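Heads up, the chain below is alone and in the form predicted on its own; it's given as structure tokens.
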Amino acid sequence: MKILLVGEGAREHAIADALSRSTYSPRIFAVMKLRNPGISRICEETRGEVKLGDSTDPSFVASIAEQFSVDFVFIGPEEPQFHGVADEVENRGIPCVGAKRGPSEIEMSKAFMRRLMWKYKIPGRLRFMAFKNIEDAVAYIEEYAESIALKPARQAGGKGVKVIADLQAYLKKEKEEVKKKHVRNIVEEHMRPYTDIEERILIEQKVEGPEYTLQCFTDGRVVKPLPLVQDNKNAYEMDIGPETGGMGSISGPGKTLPFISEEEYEESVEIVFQTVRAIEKEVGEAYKGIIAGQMMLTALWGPTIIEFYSRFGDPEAVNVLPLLETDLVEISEAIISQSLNKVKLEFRDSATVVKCVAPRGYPNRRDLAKGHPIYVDESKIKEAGGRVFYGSIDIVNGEMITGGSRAVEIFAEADTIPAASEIAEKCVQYVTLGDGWKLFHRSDIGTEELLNERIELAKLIREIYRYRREKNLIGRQIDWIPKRGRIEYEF
């Protein structure tokens, strides 16, 4: 059996690792922009091959799949999906695991996602407005002073989101100026590279609560959920600093998290299932691949959608794929043949922690984070109980060089999250740069202190949303605005 993997990050390294454990002993081939050391090694060990090139180019990827006569293609990142790689591969008669252009709209366009949830009355939705230009967004901000989240209307690598609380009368003018400045920043900086979407700015109501990610396999008919993972987006300790693609994540033991109940887990799965069915009705084709709900436990709904991914999260995939005991090749074939209902997903029952290590400069000055020689002592990391998944690293003249993003992700497994965190922390020291430039990571991820914060916040949120359910207030919000009186919103 031959499989072509598309993508070059730590998420794809974890996918390649899971595929290589298959009893079918597949040969793994890869299309990558950078020569990821971990994926390259798996390709070599399985008698596969690496092709460097533009993994978002549908014709290029499909031609490589034909050249190697692969049995199927597995797409890791979102951008190849947005560019129609799965469509072109299937047009040439090669099966593919990964959302086609139409279904991937659920991640690419945040306005599409919100409209879909409203149209099909899917629980966990939020009020929103989408704008095609700065002027209309600024006019809205000047008219309505409220707590909001400002976002690029397209998936832009997880960057450009700013949440602004605006409840008090004081500093209103200053907060309005901050909002207007960020709207311009979204259009002129974060959305500038993207010409494939008309709407540029999304303004959503602000919500608060602990976040978590639910990743699922789907063949369009059923969804098979993986254990929950909680990612930490901020660059620095205690959730401060700029947003990143994720600086580390926790999961387990079991399918929930210490701050998410079994009932909330099942409700989250139902939201994703309803969304998959709605996507097919809307775009006219089945969703085959991976879908992930980036969720938050809020006082409005309980489980609430912040955004959807049309693929595994990164680093979330690294938490759970090493625990996957079901054969990923069999899962992939079941997705392709729409027989996923016959597959029983099984995972090793452990807690896991992933800590991402990045060069200084990431995320806002990737030019500074790029081009540094990096050394990873895998044997020492293994001795300490961890594993390495390679991220943004290239091999140039036999030497590993940083690519400007998160360089490696350290995976650790134990009976509890804090115990796994301690193992990962011991491993981080074995990742170094050879030119004196500095690396950074978050030592607090998975610690008792941070975990207890999430647990206490979830308890508070849970009391409120359950009270709202008892009073039949879910899906409704009632405000009193001076000179306008009572305002009731539907959700």
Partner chain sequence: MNSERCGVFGIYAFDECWNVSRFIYYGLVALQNRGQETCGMAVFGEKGLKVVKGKGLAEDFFTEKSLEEVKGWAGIGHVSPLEPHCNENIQPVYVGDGVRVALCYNGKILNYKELCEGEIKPEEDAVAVANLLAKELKHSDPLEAMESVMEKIRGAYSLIAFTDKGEMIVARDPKGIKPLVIGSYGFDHGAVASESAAIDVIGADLKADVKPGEIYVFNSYSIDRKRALKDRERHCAFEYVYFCRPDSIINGKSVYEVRMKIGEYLAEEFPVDADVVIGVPETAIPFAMAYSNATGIPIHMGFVRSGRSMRTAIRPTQFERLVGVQLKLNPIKSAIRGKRVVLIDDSVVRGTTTRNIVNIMRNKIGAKEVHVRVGSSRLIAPCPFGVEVPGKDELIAAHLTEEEISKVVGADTFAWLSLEGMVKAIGLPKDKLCMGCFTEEYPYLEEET
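What you are looking at is a predicted structure, and each value in this text was computed from that prediction instead of being measured. Numbering follows the first chain given and starts at 1.
Below, we turn to the form predicted together with its partner chain, even though it does not appear here.
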Would you check, heavy atoms only and a 4.5 Å threshold, whether Ser379 touches its partner chain in the predicted complex?
-> no
is_contact(Glu243, its partner chain) in the predicted complex, heavy atom dist at most 4.5 Å = yes
May I ask you to check whether Tyr144 falls inside a 4.5 Å heavy atom distance of its partner chain in the predicted complex?
-> no
In the predicted complex, does Glu237 have a heavy atom within 4.5 Å of its partner chain?
-> yes
Choose one stretch from 263 to 271, 158 to 166, 136 to 144, 79 to 87: the one whose residues place a heavy atom within 4.5 angstroms of its partner chain in the predicted complex.
-> 158 to 166
Each of Leu228, Arg348 and Arg466 near its partner chain in the predicted complex, meaning some heavy atom within 4.5 Å?
-> no
Identify which of Val178, Met191, Ala414, Ile197 has a heavy atom within 4.5 Å of its partner chain in the predicted complex; exactly one of them does.
-> Val178
Pick from Lys342, Lys281, Arg360, Lys132: which residue has any heavy atom within 4.5 angstroms of its partner chain in the predicted complex?
-> Arg360
Heavy atom within 4.5 Å of its partner chain in the predicted complex - qualifying residues of 84 to 100 = none
